[in-house]
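Coming up, as structure tokens: structure 1 and structure 2, two forms of one and the same protein chain.
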Structure 1
Amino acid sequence: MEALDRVVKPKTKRAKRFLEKREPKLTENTKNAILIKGGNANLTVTETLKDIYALKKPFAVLYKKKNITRPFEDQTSLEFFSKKSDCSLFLFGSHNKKRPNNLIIGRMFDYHVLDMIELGIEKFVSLKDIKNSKCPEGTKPMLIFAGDTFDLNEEYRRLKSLLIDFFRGPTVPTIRLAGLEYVLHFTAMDGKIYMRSYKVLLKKSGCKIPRIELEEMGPSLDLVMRRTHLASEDLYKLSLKQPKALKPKKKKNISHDVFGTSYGRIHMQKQDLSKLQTRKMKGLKKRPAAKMTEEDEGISPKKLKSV
């Protein structure tokens, strides 16, 4: 509908489809990432970007040329790239004496920078260095975050949210259980963040749930948090807003108990109990003569008791 509302109308169906893909929607597309090299990027940083590109394919774009920008000072070139390639996540790698092996991970809201966190790579082991079979491209990874720092520290909380956003991949309704091959494990320990990727081997166990064995597979990074540029509270809240149409409709007057029984509630109008329609027993019908005898019978039992 938005493509019809543009000041410049698209002239071909292809252009219209292109614009419709990029406009805001109720359920959004999978977020794409752009991986950029800075002015002087050394081997470590370049290899890291290449490995993360391999993890995020096909929802990532790796820029081959170096771009001389400083994201923390001027965000206009990043926003321009994001607008051109319709990507809302970015990873910018650079290296200089003051900040060696620098990675800036960030995300955008409405093509403007929302959050940016600068991480330093202390140690990096590439995909090539570990010689074993890898999992296929485009596998949805399992994400695990260990460490209480990820909940206590505000910056670590945003970093956790950023990393989930970055690595989670497309949202799927069903998943093949044998295809859970890949897990990314982030540990926050001693002021550092250890990212490890393992290949999951499902072994037989006595019961239905398989026993897990892990094999180190992919890139492993030791990161340390440097600068941050977090969005203000209200902008972050605005970006978190979900459309009402997607909220699940609650069914009223239905409750479930512990045993799985579901109870429903029915609301009735007030009933006049004397005029209730019940089964009629002919023998119990009241006769005018019987009414008088009832009264006598009602009195006499009392007398009997006293005696």
Structure 2
Amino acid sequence: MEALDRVVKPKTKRAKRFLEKREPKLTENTKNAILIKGGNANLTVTETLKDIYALKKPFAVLYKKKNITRPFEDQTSLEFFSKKSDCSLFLFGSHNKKRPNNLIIGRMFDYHVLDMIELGIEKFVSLKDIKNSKCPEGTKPMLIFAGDTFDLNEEYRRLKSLLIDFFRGPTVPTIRLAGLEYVLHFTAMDGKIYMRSYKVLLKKSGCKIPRIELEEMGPSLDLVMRRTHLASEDLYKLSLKQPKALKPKKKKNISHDVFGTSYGRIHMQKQDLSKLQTRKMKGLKKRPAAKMTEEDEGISPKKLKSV
């Protein structure tokens, strides 16, 4: 049995808090990512990992030492690092003659590789090369995907889901306009994926809504898809399964139409309309003929007050 698979009992309060953070929860923590250099990573791959780490901080761990591993042939090293660092996302960079400037992006399910896609870097512009102001650390990005390929091709559809998982950041209950500071734009066209990063500038427009301008911030990547390792449909559906406690309870007698309008059904007892109090009007008073009919039927009329 491996050291990380053993049941460890905490001996201190700090160790107990550490293990409690790793326990399964109904609402999971923000996904962290590990960025690993291969045994023969060149300058381009190293700078790419550093720039993506700058975008992901503080939800990322950068391994500075080189690790000789081949994820498509042996995944045990990645699974070990994932469990050790408590990270469900990974980005592995390597370089060789057959596959130059190589990136492998993937995610874990139960500390086992779920999806893994290999991308080749054809063009790279780093954060340092673009002399513009940068966004502060921990800023949540806006993600834009352009191109029909992301919806038509299964591999590109998984890549889109993987990129959303990788860059989405923490879940927030509310959004502030000034907090929308930068955009990550992915375009799929002619068999390539173009990644661009822009800073959002809010300018005066003379009205309440500001005028928006985009300023390139970096990094900029031109990528091409290479090998893929995708999970089967059954395993993919299992990874998306939510616990019953998180599923919203169905409310009775409430329905919704296509526009999202809610309709409620109310159940009431049968009303006796004869006892319904109506407004007293002179025109609704009973005539003498009606009173005589009531006397014949045995209904005693209302006694008149003596003056």
Partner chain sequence: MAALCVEELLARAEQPHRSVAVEKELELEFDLGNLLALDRNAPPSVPRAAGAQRESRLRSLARDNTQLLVAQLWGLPAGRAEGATGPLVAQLPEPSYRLPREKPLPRPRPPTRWEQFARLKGIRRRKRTSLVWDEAAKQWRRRWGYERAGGDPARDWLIEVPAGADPSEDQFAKRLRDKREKVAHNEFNRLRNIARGALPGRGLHPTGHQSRAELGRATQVARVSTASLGRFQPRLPKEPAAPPPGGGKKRHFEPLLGDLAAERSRQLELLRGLGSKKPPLDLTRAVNKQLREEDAQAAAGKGRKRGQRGKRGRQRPGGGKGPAGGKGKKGGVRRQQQRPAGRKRS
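FYI, numbering is relative to structure 1, first residue = 1. Superpose the two forms; the largest set of C-alphas matching within 1.5 Å is the rigid core. What you see is a predicted model, and the numbers here were worked out from it, not measured in a lab.
- By the stated condition, namely the form predicted alone, the second structure is the one that fits.
- The Cα shift for H256 between the two structures, taken after rigid core superposition, is 2 angstroms or larger.
- Once you line up the core between the two structures, the Cα of L273 ends up 2 Å or more from where it was.
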